[in-house]
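Presented below, as structure tokens, is a lone chain in the form predicted on its own.
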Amino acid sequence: MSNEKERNLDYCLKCSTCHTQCPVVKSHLPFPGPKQMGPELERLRLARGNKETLEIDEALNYCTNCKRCDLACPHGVKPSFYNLKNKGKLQNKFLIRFRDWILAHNVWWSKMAGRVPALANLALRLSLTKRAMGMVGIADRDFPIYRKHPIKISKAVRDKKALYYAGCYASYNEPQIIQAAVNILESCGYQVELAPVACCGTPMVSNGLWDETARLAGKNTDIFLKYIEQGYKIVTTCPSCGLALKEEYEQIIPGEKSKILKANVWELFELLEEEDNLPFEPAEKLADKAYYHVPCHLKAQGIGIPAANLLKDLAVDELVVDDNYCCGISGTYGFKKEKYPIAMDIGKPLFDDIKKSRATLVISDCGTCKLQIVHGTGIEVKHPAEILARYLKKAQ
């Protein structure tokens, strides 16, 4: 189905299936749901035309952009598209706009923190810092730890080429994910380069900065296309970054460039599923029982659970796989003071299910899902690339 048809309001039958799958509806009754805030609100806007200013209901602020409404629609309508576009028209109070702007530009603060991670981590733990952040509406919760570590990449020239786009979280908080992904790709015969791209723009568009995201998406797309022309596959390990490149860029800057990019983006484990003679060998199991949480933005890509399929026989004796629950954090959403209780309430069924499973390890591809799960359960969470790299065959 074409992108134009997916956005066509006539395909919305008002069946409310999206409403039943929205995690916010279940946890925050004042939120009208994706049907009302997406297609119906867009119909109202079009009916009024440009002659009358449309007052956008500020309930749009409560959409998490989890994409579960998009997956639920039987006719391919994308309620999240309308929600994201219209968020940019909200007239929020100054402090809310300022707070959202801070969170939307997390890559700026991460770059600064990454230069002196020990000092940044100390500052973020100080009660004075937390009070200051609370004054602008940021929740009193732990922030990810900043880490700095050089990445080793082979300079060997090979026929297969991969441009690895790690995303902000792995780049500044868990560089071991980057090294693991590089090691895996090189062991599969790829010449690897790290993408000279910072943020994908997901935090920006989720916080209503549509125009700024469009400029960034255009810039990033041009960079990726130069590599694609040289035969590189674009490889990601962050579900939100992957979804942005595959889907959101096409919505934000529709055209031939975004379509070419979409056709050349691979999630790491999606790519590995198509490789022959994978370079892994059995070794000591990491855990007797593990729980694999499927992030919403991985589920939205429609590629299944390739990481779980590779790990279930290799790394653990028993792997519980779940894609029913949203963890609730949704990137920057769970870091907002007024959204924090909602985020925790959304995540509670997942936390309870993990505890009930008695798993000693949780696996998830998403960095912020990891933060939320550790926060809600206290159980260790690892990225599947980090685990899989342990089972690479040793060089002879």
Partner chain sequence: MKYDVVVIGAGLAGFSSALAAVELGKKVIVVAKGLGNLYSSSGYIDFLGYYPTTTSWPVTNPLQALEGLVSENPEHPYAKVGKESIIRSVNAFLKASGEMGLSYAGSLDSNLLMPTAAGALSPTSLYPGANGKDVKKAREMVVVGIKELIDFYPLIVAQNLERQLGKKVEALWVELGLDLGRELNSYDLALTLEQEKNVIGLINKLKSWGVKDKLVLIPAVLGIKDWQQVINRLESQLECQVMEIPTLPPSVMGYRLAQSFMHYLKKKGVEFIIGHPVVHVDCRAGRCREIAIETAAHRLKKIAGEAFCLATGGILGEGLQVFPKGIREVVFNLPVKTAETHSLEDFFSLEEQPLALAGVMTNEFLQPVDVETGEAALTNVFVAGATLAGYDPFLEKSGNGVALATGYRAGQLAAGGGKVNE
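Residue numbers count along the first chain shown, from 1. Owing to the predicted nature of the structure, the values given are computational and were not obtained by experimental measurement.
Not on display, but discussed next: the form predicted together with the partner chain.
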Discussion item. Does any part of Thr129 reach within 4.5 Å of the partner chain in the predicted bound form? Heavy atoms only, please.
Written reply: no
Worksheet item: Does the partner chain come within 4.5 Å of any heavy atom of His293 in the predicted bound form?
Response: no
Fill in: Contact flag, Pro196 vs the partner chain in the predicted bound form, heavy atom cut 4.5 Å
no
Worksheet item: Might Ala156 be said to contact the partner chain in the predicted bound form, defining contact as any heavy atom within 4.5 Å?
Response: no
Discussion item. Can you tell me which of 215-223, 114-122, 185-193, 269-277 lies within 4.5 Å of the partner chain in the predicted bound form, counting heavy atoms only?
Written reply: 269-277
Item to complete: Using heavy atoms only and a 4.5 Å cut-off, determine which of Cys326, Leu243, Met204, Ala181 is in contact with the partner chain in the predicted bound form.
Response: Leu243
Worksheet, complete the sentence: The one option of Ile151, Ala283, Leu71, Leu95 with any heavy atom within 4.5 Å of the partner chain in the predicted bound form is Leu71
Item to complete: Go through 17-36 residue by residue and record those having a heavy atom within 4.5 Å of the partner chain in the predicted bound form; state none if no residue qualifies.
Response: Thr17, His19, Thr20, Gln21, Val25, Lys26, Leu29, Pro30, Phe31, Pro32
